[in-house]
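One chain comes next, on its own, written out as structure tokens in the form predicted alone.
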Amino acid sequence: MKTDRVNLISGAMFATFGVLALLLSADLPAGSAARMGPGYFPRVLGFLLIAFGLLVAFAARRSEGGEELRIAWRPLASLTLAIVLFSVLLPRAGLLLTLLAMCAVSRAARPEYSWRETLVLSAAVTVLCAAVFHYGLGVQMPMWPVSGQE
């Protein structure tokens, strides 16, 4: 019997996220199904992720074939860098410049896109995020670079 390593790793990842959800919500009161506390949903989600992860891992052990495990480092690195860039730049550069930078960096995940497509996508994402989060939902975040003086 051959183990499908991709599904085995996927199952382990789901189970790990489930355990993390349980650990991080351990101090929150769970309440009951009728009167949910702040820790209720993370615990339910944690248990579901663990069960799903075990199910996927168990199915991977019983599978006949397996795919070759190949990690796409370029997209993984560029998207991780874009997320880190978002968290670092947003308080200082504002939402608009941060989203433009984030879209430009995440372009490296798929180099087949032209710069024109990247600019159009960046502008669309920036306008959509500004409309939804800042104006629609009223989320408090700077739209433009912060000078440091309030």
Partner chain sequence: MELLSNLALGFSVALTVKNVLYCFIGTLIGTLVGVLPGLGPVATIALLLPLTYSLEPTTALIMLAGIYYGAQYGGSTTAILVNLPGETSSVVTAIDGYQMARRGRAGTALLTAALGSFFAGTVGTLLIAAFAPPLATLALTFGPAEYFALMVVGLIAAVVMARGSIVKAIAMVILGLLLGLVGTDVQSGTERFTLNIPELMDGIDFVVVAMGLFGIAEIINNLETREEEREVFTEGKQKLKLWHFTREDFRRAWPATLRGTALGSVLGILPGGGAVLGSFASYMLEKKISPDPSRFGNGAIEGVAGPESANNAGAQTSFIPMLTLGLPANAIMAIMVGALTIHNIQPGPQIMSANPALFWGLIASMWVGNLLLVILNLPLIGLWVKLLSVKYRLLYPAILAICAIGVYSVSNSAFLVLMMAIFGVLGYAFSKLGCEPAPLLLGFVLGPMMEEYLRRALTLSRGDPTVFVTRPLSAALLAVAVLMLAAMMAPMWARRREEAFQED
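These figures come from a predicted structure and were not determined experimentally. Just so we're on the same page, rigid core means the largest C-alpha set that superposes within 1.5 Å between forms. Residue numbers count along the first chain shown, from 1.
Keep in mind that the form predicted together with the partner chain is not shown, yet the notes after this line are about it.
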* Spell out, yes or no, whether the shortest heavy atom distance between Gly94 and the partner chain in the predicted complex is within 4.5 Å. => no
* Considering only heavy atoms, tell me if Ala123 and the partner chain come within 4.5 Å of each other in the predicted complex. => no
* With a 4.5 Å heavy atom cut-off, would you call Leu119 a contact of the partner chain in the predicted complex? -> no
* Using the partner position in the predicted complex, report whether Phe133 sits within 4.5 Å of the partner chain, counting heavy atoms only. => yes
* Residues within 4.5 Å of the partner chain in the predicted complex, restricted to 8-40 and counted by heavy atom -> Ile9, Ser10, Met13, Phe14, Phe17, Ala21, Leu24, Ser25, Leu28, Ala33, Ala34, Met36, Gly37, Pro38
* To do: Establish whether a shift of 2 Å or more occurs at the C-alpha of Leu23 between this form and the one not shown, with the two forms superposed on the rigid core.
  => yes
* When you overlay the rigid core, is the Cα of Val84 off by 2 Å or more between this form and the one not shown? -> no
* **Large Cα move at Val127 between this form and the one not shown, threshold 2 Å, rigid core** => no
